[in-house]
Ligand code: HSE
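Have a look below at one chain only, the form predicted alone, in structure tokens format.
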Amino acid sequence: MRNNKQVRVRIPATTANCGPGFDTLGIACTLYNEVALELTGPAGQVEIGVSGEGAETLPTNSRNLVLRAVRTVLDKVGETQTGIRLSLVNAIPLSRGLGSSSAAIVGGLTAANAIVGNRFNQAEILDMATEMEGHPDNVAPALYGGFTISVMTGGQVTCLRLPLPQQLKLVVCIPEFRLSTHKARQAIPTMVPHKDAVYNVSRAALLVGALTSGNLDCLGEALNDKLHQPYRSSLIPGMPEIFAAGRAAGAMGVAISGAGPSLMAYTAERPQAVGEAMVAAFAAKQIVSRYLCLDVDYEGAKVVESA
């Protein structure tokens, strides 16, 4: 491997769970972080620069998640003594349910893999990312793009990537407050009634069928969930009212994005009206928010520059 090689990688935001598909379903969105990586030689130090989201709060030492991912790959190929320079440009909000940590992990792994000559295939990168993240629902679409279904078997991931209807638009409403994944997971009980498990299995199957067949009229029912959203509702003030406002403005359905607190509307028309209605519903609860109209990203993590 030649030192002083540089790569720049673009990584999409993701929305996971998608209602009933807890820890299983995910969609890549057209909102991106960028990771620029350079190996500076045996005598080099670690240098990390961050701009955009998290510029004032993300660590620039060994705790940095992108750096940890880079080192995961370099350690596997025996390149442990090189200096590392990272430049991170972040557009994905932190702790909002849009896969910021997955983008960091996938970005670091993809950049490092490119710089060592792509010694690992995507399935191997996905397994590394899942080991770091703990579950594959965000890292899979961040890596592959599109709509992904991921299943864990031991420490390995089986992932299926499927197309989505061209008319589908995603409108994410992002409140100003953060919600850690750890806190959101603590709200979920360890046991659920059998009828709730059946409820989710049926809706998850309907959701996959609706999205892949283009029968989007089914999304209103298909996005319903009883495994995590009812328990997280108390962490997102006004969530039922915001769901209702989005649907009234034209969304076919609304769900928590990832662990929240962002809420994702699925629509085929009037995305701005949907976003404005959701922002107004948050405002009625004295919560400032903003919305973004997004498309589905089909490229996933992508090397956009190398030298």
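What you see is a predicted model; the values in this text were computed from it and never measured. For every residue, the number given is its place in the sequence shown, counted from 1.
Beyond the structure shown, there is the form predicted in complex with the ligand, which is absent from this document and is the topic of what follows.
Residues Val172, Asp295 and Asp297 all lining the ligand in the model of the complex, heavy atom within 4.5 Å: No, because Val172, Asp295 and Asp297 lack any heavy atom that approaches the ligand to within 4.5 Å in the model of the complex.
Heavy atom within 4.5 Å of the ligand in the model of the complex - residue from Arg185, Arg119, Lys76, Arg161: Contact with the ligand in the model of the complex is made by Arg185 alone.
Non-hydrogen atom contact Val9 with the ligand in the model of the complex at 4.5 angstroms: Looking in the model of the complex, residue contacts with the ligand do not include Val9, since no heavy atom lies within 4.5 Å.
Non-hydrogen atom contact Leu65 with the ligand in the model of the complex at 4.5 angstroms: Leu65: no, not in contact with the ligand in the model of the complex.
Non-hydrogen atom contact Asn224 with the ligand in the model of the complex at 4.5 angstroms: No.
Heavy atom of Gly258 within 4.5 Å of the ligand in the model of the complex: Contact with the ligand, yes.
Among 233 to 241, 81 to 89, 163 to 171, 131 to 139, the region lying within 4.5 Å of the ligand in the model of the complex by heavy atom distance: Heavy atoms within 4.5 Å of the ligand in the model of the complex occur in 131 to 139.
Any residue of 22 to 42 that, in the model of the complex, places a heavy atom within 4.5 Å of the ligand: Result: Phe22, Asp23.
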